[in-house]
Each structure stands twice: as C-alpha cells, then as structure tokens.
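Just one chain follows, in the form predicted alone, and it is written as structure tokens.
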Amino acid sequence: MKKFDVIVIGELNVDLILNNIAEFPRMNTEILARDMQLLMGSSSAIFASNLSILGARVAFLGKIGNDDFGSLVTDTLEQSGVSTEFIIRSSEYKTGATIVLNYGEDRAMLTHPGAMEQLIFDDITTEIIQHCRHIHISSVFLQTGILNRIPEILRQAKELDISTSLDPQWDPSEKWDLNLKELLPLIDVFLPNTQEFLALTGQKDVHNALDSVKDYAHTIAVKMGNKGSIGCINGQILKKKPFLNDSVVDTIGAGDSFNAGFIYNFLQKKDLDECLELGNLTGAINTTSAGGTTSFENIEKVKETAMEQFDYRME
C-alpha cells in the first residue's frame, strides 16, 4: 500500500481576486472592484485540494517563499487534507502571486512567479515519488525549472510503475514549445482545455487536434467550459454534455476541479465516460463559489451542491 494516491508536482501561489469590475482597466485611470478575496491559488494546488476533498490521499511537491503568502498556501492545503511534507520553503524567493480580474465567465490574470520557477529536477527524487500511485503535473510553462526535464520525470514514474497525468495550462509566452510526440506516450492522462490543445497541436478544431495525436497518445480529456468535455482513448472519441450553472460566481479553478473529478474516477479504474462525467460535475460545482476551492470545503458540501444545483446524486 502506497502512502499517497497522488503526488502533485506543481506551482504554488496566492490569488488576489477582484470581482464586480465595471470595465477593463486603462492606463492612467482608476476603476473600482466592489469585491476582493485573497485565496490560495495555482492550478496545481486547487487540483490537489479538491482531489483530497473527494477522498484521495494527496501530497504536494513544490516551492514557496518563507513568507505569509507561503503560510496561507500550506495552511489551506493542510485544511483540505493535503500533505505538505514535500513542499520546499525558500528564503531567497517570494511565494508566487496572481492578480485575477473577473468579468463574468472571462478573466484576466497577472502573475509574479517567485519561488514556483525555482523548483528543479533534482528536487523530484525517487525517495519522494515512490510513495504514490500517481503523479500529476500542471502549469508546465510556469515551472521553468523543470520544463525541459518533464520527459525524465515521466520516465522515472514509469520505471516505478506510477501512472501520470499532465495539464499544460496556458503558455504566457505563447510559444507552446512542448513536444507532444515525445510527451504523450509517457502520459496516461493528458488534460488540456480547448485553447491550449489547439495551440499545442496547431489545429483549427478539437477533432482535428485529437486526430493529429491519437496514434501516440493514451487518454486525452479536453475541457470545453460550458460546452462540456471531449475525451479520446485508443482512438475512440467520446463527447460528454456539461452540467450548466445559470449563476456562475467565477470560473477560477473550474478546469482544475474538472481534473480532480476526472483523476479521482481514473484512480478508481472507472471508464472514460464516468471520468468525463465526474470531471464535468466537479468543474461545474467549482463555479458556484468564488475561487477554486471554496465550493470544496468538505465532501458533504460537494454532494449537497451536486444535488441541489445539478440534480446529481454522487456516490
């Protein structure tokens, strides 16, 4: 029996979220945001926290500063049951921070990477990852310290019979320099959203993108927001309808919550249809509260929201 179901290798930061903004900011002017929250952010941390609430045993491997933002991150993870024993604190670099400007279902973000860029390949040791069944990596373009070594991390996992998943997230440079032909054979579950998948494959639509990589990919699940999701395994494509929320608070972390639901069922050896369904549900639940984790305080609240908001009974 492994100590953890999943070890998440990822970036860590806080989110300063500004809501109820009348218009987009313009140079040399000032506008007001009528609502503000300071929460744990980062795609990887939201995934880890919400996967833990769903019932998986989760640990995190990342780097933060020795500061108040870092303490907020680790405290929040621990409250969700995520082990922080592998998180490295740096006295040289500050914990990353993202300012999020929300406009309905759209948002703009500005990030200070800080310590998240300082996690390096040598920090990801066999002594650590051997304790898990599965490794999840997210936001690879923000993790410049390991970006070029990701194939080695994945091969190391395979040698230890550990399954893997990867969510590339957005590339701030928009260069999209990721060798899918090398990476996808090493990844059990690839979890991009539509825009990321099209940018990475250079295709015009999702079906063409799936067709371009299906010969060397394992399982792919593409997040399509309020259009649901589409998956591909062994060349077979399956589209899954969304759970629609008519009163979206914000969409921060919705994709990460989709990942949590998908991987939770993947770990239970559920089929692609069931993985996509729970992913769509947890992504939708995410949108009922601000930020990426406030809808996932505990499993009872998650189940209650699923029933009351989406008429869905979770097991």
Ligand SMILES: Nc1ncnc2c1ncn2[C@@H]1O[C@H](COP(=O)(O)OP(=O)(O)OP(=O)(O)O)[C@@H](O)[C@H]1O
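Numbers follow the displayed sequence, beginning with 1. This one's a predicted model, so the numbers in the text were calculated from it and none came from an experiment.
Quick note: we don't show the form predicted together with this ligand, though the next part is all about it.
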Q.
Within 4.5 angstroms, counting heavy atoms, which one of the listed stretches 23-31, 267-275, 61-69, 283-291 is next to this ligand in the predicted complex?
A. 283-291
Q.
Counting any non-hydrogen atom inside 4.5 Å, which residue from 169, 164, 102, 143 sits next to this ligand in the predicted complex?
A. 169
**Q.** Contact flag, residue 248 vs this ligand in the predicted complex, heavy atom cut 4.5 Å
**A.** yes
Q.
Within 4.5 Å, heavy atoms only: does residue 258 come near this ligand in the predicted complex?
A. yes
Q) Though only this chain appears here, would residue 225 touch this ligand in the predicted complex if you measure heavy atom gaps against 4.5 Å? A) yes
Q.
residue 93 versus this ligand, in the predicted complex: is there a non-hydrogen atom within 4.5 Å?
A. no
(Q) Counting heavy atoms only and using a 4.5 Å cut-off, do 4, 10 and 52 all touch this ligand in the predicted complex? (A) no
Q | Residues within 4.5 Å of this ligand in the predicted complex, restricted to 184-205 and counted by heavy atom | A | 193
